[in-house]
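The data below hold one chain only, encoded as structure tokens and taken in the form predicted alone.
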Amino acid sequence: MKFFNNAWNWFEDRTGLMGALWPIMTHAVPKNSASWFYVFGSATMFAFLLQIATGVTLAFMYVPSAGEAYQSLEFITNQTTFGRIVRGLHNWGASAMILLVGLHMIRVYLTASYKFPREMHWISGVILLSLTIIMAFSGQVVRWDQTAVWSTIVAAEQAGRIPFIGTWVADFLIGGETIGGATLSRMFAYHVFIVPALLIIFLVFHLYLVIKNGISEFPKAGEPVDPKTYREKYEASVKRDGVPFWPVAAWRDMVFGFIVITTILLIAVIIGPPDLGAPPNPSNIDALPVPDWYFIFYFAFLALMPPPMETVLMVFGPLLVGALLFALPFISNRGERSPLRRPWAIAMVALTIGSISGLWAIGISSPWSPHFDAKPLTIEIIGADSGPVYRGGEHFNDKGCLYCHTISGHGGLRGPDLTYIGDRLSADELTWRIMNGGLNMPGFGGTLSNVELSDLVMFLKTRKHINPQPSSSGGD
């Protein structure tokens, strides 16, 4: 022990590290800020540190080459020791980081902690949120599967709509005019070097501001912020009732951070990383890419936009949201902080969560896209095991009708539900529709024989509320 004490004393004498850090760690904070409402910011930082550790580990074996990236991830996942767990930690750590930074932002907004003198806290936080989103997107791309390629195409398409500089921005994003090896190299550079460096810089700046201006006290109704007197009141309150950040306030951050990391580890072990999609193939127009869960709401937003409004909403929608977030502390940097006196703030949070949740639910079902992974209709649903009705049900599966139409809960959502189509259309009307198509439906007149068409119509005519079951022979 004497040796270690002497070594530590020597290190401290030469560096003064603990002498510099100890006052920061033990600085006084408002007593009512030592609560569980204030743990989300530090938990986000813990999740980021986990991302750095697991990202560095993965980088030892990941090959950022368009021809080898996909195979290297397969190798990491299936053949290396703990590779599956490390990939799972990195994936679920990203999800935790997105979720926690959102919760932290909600807490700051509801308690109006962006008001004087913490305007720059909020602005640096908005920048950190933006960088976290970019980090998540670029991480999705470096998986370099089918979803990664098409997500990049969507991003480039969106960037290309920016007036005047859109083409340049899109080319800079993907490393040229087309998706290729340069795209992956560029996304890898964003994900591993540029964005993490910016995150660290702004995180340090954010923490510096917290030390400089103090942690905001939990608001009380009837105690508005007045820039002329706030600092004096805050300092007097901290001097009178403050508690040291370490260990009185920080222990909650440590406990919650431990819970977050442990939860991520358990999920990584039990569930593992997401399955890699199909290998990248930009020419596959039947691909159905679905982004990671935290982007699904935006995926739905893009899909539901009216075509005439696409450019306006794609370009100016995110810019407007960003501008409002940056402007918030300047629009309202004084006055009441308590959410009890700011019901509109609670309503805004509820509206935002409700809108994102609704879009997310729609995005999960993706009713605008064919479901190419739809499971074929079973014999029980078809209602026969031979004969024209059975053959018609098989044609419904084989010809791709199931991708867009639902029957008894099986199939896609892009087209009308055909569970009871036999009650609505006659055999002649069904024949005409199948032959000629409709608004979003191709005509099958050139791809079906007369027998196939007859079988398909007979099968659809059995789709009724009261469905007379045909005999197993089907009446050939």
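What you are looking at is a predicted structure, and each value in this text was computed from that prediction instead of being measured. Just count from 1 along the sequence shown to find any residue number. Think of the rigid core as the biggest set of C-alphas that the two forms share within 1.5 Å after superposition.
Here the subject shifts to the form predicted together with a small molecule, a form of this protein not shown in this document.
Note on the partner interface in the predicted complex: the residue among 61, 425, 66, 49 having a heavy atom within 4.5 angstroms of the small molecule is 425. For the options 27, 410, 31, 414, the residue carrying a heavy atom within 4.5 angstroms of the small molecule in the predicted complex is 414. Site residues 325, 339 and 349 are none of them in contact with the small molecule in the predicted complex, judged by any heavy atom within 4.5 Å.
The partner is not drawn, yet in the predicted complex one stretch among 266 to 274, 398 to 406, 294 to 302, 206 to 214 has residues with heavy atoms inside 4.5 Å of the small molecule: 398 to 406.
Taking non-hydrogen atoms only, residue 53 never approaches the small molecule to within 4.5 angstroms in the predicted complex. In the predicted complex, at least one heavy atom of residue 421 sits within 4.5 Å of the small molecule.
Using a 4.5 Å cutoff between non-hydrogen atoms, residue 442 counts as a contact of the small molecule in the predicted complex. Remark: residue 438 counts among the residues lining the small molecule in the predicted complex, judged by a heavy atom distance of 4.5 Å or less. After superposition on the rigid core, the Cα atom of residue 122 is displaced by less than 2 Å between this form and the one not shown. With the core held fixed, residue 329 shows a CA shift below 2 Å between this form and the one not shown. Core-superposed comparison between this form and the one not shown: the Cα of residue 268 travels less than 2 Å.
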